[in-house]
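Have a look below at one chain only, the form predicted on its own, in structure tokens format.
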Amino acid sequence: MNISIFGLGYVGTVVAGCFAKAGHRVIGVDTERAKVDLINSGRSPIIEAEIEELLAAGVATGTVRATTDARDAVEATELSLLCVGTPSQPSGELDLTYIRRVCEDIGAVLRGKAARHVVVVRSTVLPGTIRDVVIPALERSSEKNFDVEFGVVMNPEFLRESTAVADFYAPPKTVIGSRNRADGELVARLYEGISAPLIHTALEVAETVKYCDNIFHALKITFGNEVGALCKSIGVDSHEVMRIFCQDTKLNLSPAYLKPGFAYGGSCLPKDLRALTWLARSRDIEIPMLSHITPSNDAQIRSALRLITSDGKRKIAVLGFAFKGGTDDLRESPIVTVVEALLGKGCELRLFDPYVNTARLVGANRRYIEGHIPHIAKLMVASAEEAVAGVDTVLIGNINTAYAPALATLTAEQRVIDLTSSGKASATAARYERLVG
């Protein structure tokens, strides 16, 4: 394929060399003459293992050249990859000056180009940037219509400095976001022969994935550092702790708990987090990330309350109020916290959970209920159907397929708010909402 790459910085230089090795014909574009001259002489403007050899081979075979002329590059290619910088401004907002400028330059060429052209954004941009900045800039400068006369695809990169070439050939995934599947398939051809999951998705999802990845990496580094600081203060080998921690690929290093849903609860997580943060405070150790987990969890509960009461309706059914489905454990259940708050707001509640029977509650579980909502038995009904009959809002508090028949009886006047991470569990005529996602 014929590819133009705008921006010959770190990402642009690496992908230019790697795509050329794969047999594509690459034209690099940059406003800095020094970078262009380096590449045309077979040298790299960046320091990265293997890249200079790839560029030298590409220049020698004629599959790589560089220019400062956007018109030359766009007219000679079918795809233009945007690899320009998106630096931070003092406020944290991205500076999209280079993105806008490149889109205007490409659009100006497209105005007189008959063939359909696809612009591929590889720069890291916030969700909505393609919709609000890239497409409008291209349409204004080209005087053409997006998705009719030109396409735009989001194709985030997952390259790490010092291992970028190796990462290019063995990425964790290849993500292609597009509105037009044909455009996405065209971009997918660039990656033929690369063994990695190929994921086609929406433009906005592809924009967001890169941020999700990077922020999670920052989160993991911070988690390891805070655990390390706490361990050092009590004389524990943090490297041994984390070595053992990382051997759990069922819950710790896995997709477990990473689906957006509702707050955590139960007898373990809240108690253990309080204990660990107390230990840090008692030793004057700063663990700001760990210390803010509980406030974040509390904010999730407040968000749920705002959503539930947003329409002013007061008749509410709660399906599932143990902290997770398949248990009768009500200790520190976030749903119980929601029930308490709704009662305080004068709501009329009906509760159903097939696993909860107040007559069978014993020990700490019983003491918790007696101390929080001792009159819970008066709110409970015998079936999900009885709970939802005639109410304004149905709140799904935990996952259970037993709720499906009752949900199927709902009308368009009723509302379902699903606090679980399971998504829509069954067909229902009611308005369906999730707290997140």
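What you see is a predicted model, and the numbers here were worked out from it, not measured in a lab. In this text, residue numbers run from 1 along the sequence as written.
Not pictured, yet referred to below: the form predicted together with a small molecule.
Among residues of the shown chain, Glu226 is not one whose heavy atoms approach the small molecule to within 4.5 Å in the predicted complex.
Among heavy atoms of Ser238, none comes within 4.5 Å of the small molecule in the predicted complex.
Put simply, Ile176 is far from the small molecule in the predicted complex: not one heavy atom of it is within 4.5 Å.
Taking non-hydrogen atoms only, Tyr264 never approaches the small molecule to within 4.5 angstroms in the predicted complex. Only one of 178-186, 336-344, 102-110, 192-200 lies within 4.5 Å of the small molecule in the predicted complex by heavy atoms, and it is 102-110. Just one of Thr129, Ser142, Thr86, Thr277 comes within 4.5 Å of the small molecule in the predicted complex, counting any heavy atom, and that one is Thr86. Between the options Leu419, Cys18, Val416, Val11, the residue in contact with the small molecule in the predicted complex by a heavy atom within 4.5 angstroms is Val11.
Taken together, Pro270, Lys324 and Asp353 are entirely out of contact with the small molecule in the predicted complex: none brings a heavy atom within 4.5 Å.
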